[in-house]
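Next comes just one chain, in structure tokens: the form predicted on its own.
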Amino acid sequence: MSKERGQFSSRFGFITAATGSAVGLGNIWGFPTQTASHGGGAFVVAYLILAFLLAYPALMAELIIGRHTRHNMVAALPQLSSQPLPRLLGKVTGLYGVLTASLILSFYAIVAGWLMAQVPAAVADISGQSPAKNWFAQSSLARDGLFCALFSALTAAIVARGVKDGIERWSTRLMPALILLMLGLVATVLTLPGALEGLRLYLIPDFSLITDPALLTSAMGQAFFSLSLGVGTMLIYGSYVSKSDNLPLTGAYVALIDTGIAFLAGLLIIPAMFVAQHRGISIYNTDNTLIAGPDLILQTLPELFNSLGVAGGIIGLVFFLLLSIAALTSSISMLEVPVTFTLEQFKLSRRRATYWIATTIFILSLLILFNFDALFTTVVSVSTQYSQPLLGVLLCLFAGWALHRDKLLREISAGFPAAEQSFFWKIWPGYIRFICPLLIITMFVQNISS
């Protein structure tokens, strides 16, 4: 294996890196706001079911392909077949995945920049510097461009250091910090008046809503986006995993931690909304739906923090620090997809490949910022709502049909000698061939038709 590619030094290193990739704004921002938009507890139930019916099998497909081929997505998929047409399709799929990862990171860096700016805003608020607080807290082209650049540079600096010294080292530091910060915030918010009403909405589902196609499609998209599926991030991370690791068990750890943190994020944000309502802050739109998306994170919750005085300023600082860490752990994996392709395809050093790609994606981010109304929502929809599920289907098909069953078993058995007799092996190969692609396509078509 090339020194430029590297390898995770331990299972713990891989789990923290892969979980860091999965645990990002998709969990801490996206999951609670989707829950708020789609009936509370009903969305939670649908998400948890789909995370294990669809997302975990697809996650395993990426990890197995990655470890088997030890290559980037563009080079890996053609290796799975000796036939010209599947090889061509594999290359096109890989290039599409690299492009999609780059597009996701281009808007993700903008959103992460918004959140990073709230950290100095909270510090200025605590220290009584109102002019500085207003500049950091309020969106402007100058502020958004500056913090997008800072976030992009920070991501690139970590990726440029490689797998062990960059991705693994920082993931093992950032993920424990993220979990501790979140637990502290949940414990604090649940003691405030109004939190119990939010808990009821979040934990008691209205089962009549679960069959709603819009809810199911959103839950599927959330599960894929949350676990970083479809764009090759987990395939790349799988290519850095030791042959001695038990992939089904390790993948299950990643899926469980990811869904657990998403659930924890809901325990934080949904009750916080009703704490805000208890303090006289509006949490409903004009159509009587709960506020979600940027308005929830960047307006409603900061209003809540402001209403709590000095303690609210400290809570706000910790909250936006938490979101910034979550954004960083995910952006590292997304940048790794085009970087690994570039360094392997064009034989560049890791450092040079990283800074070339990071600069190109930052230019895309600036293009979106300067044409925000026309481009932002379109880029988000094309890359996450449409491209990720389609790529997920293709990766399932490659793992199930192009990679021979004997090679699949050999790869899984490398770190799991009892694989052939396991429940996983009896279910997963057929599931990834037929059921998983069919379910994803069905929900995708429902989304298009509605």
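Sequential numbering from 1, following the sequence displayed. Computed from a prediction, not measured in an experiment: that's the story for all the values here.
Quick note: we don't show the form predicted together with a small molecule, though the next part is all about it.
Q) Taking 4.5 angstroms as the cut-off for heavy atoms, does T340 touch the small molecule in the model of the complex? A) Contact check for T340: no, nothing within 4.5 Å of the small molecule in the model of the complex.
Q. Should I15 be classed as touching the small molecule in the model of the complex when contacts are defined as heavy atoms within 4.5 Å?
A. I15: no contact with the small molecule in the model of the complex.
Q. Heavy atoms within 4.5 Å of the small molecule in the model of the complex: does F151 have any?
A. Result no; F151 lies far from the small molecule in the model of the complex.
Q: Examine Y108 and determine whether its closest non-hydrogen atom to the small molecule in the model of the complex is within 4.5 angstroms.
A: Y108: contacts the small molecule in the model of the complex.
**Q.** Candidate from I167, I104, I269, A219 lying within 4.5 Å of the small molecule in the model of the complex - any heavy atom
**A.** Contact check passes for I104.
Q: Identify which of T354, Q118, S228, S239 has a heavy atom within 4.5 Å of the small molecule in the model of the complex; exactly one of them does.
A: Exactly one residue meets the criterion: S228.
(Q) Whether V74, P78 and L394 jointly form a contact site for the small molecule in the model of the complex is the question; each needs a heavy atom within 4.5 Å. (A) No, because V74, P78 and L394 lack any heavy atom that approaches the small molecule to within 4.5 Å in the model of the complex.
Q. For the chain seen here without its partner, which of 230-238, 292-300, 316-324, 275-283 has a heavy atom within 4.5 Å of the small molecule in the model of the complex?
A. Stretch 230-238 is the one.
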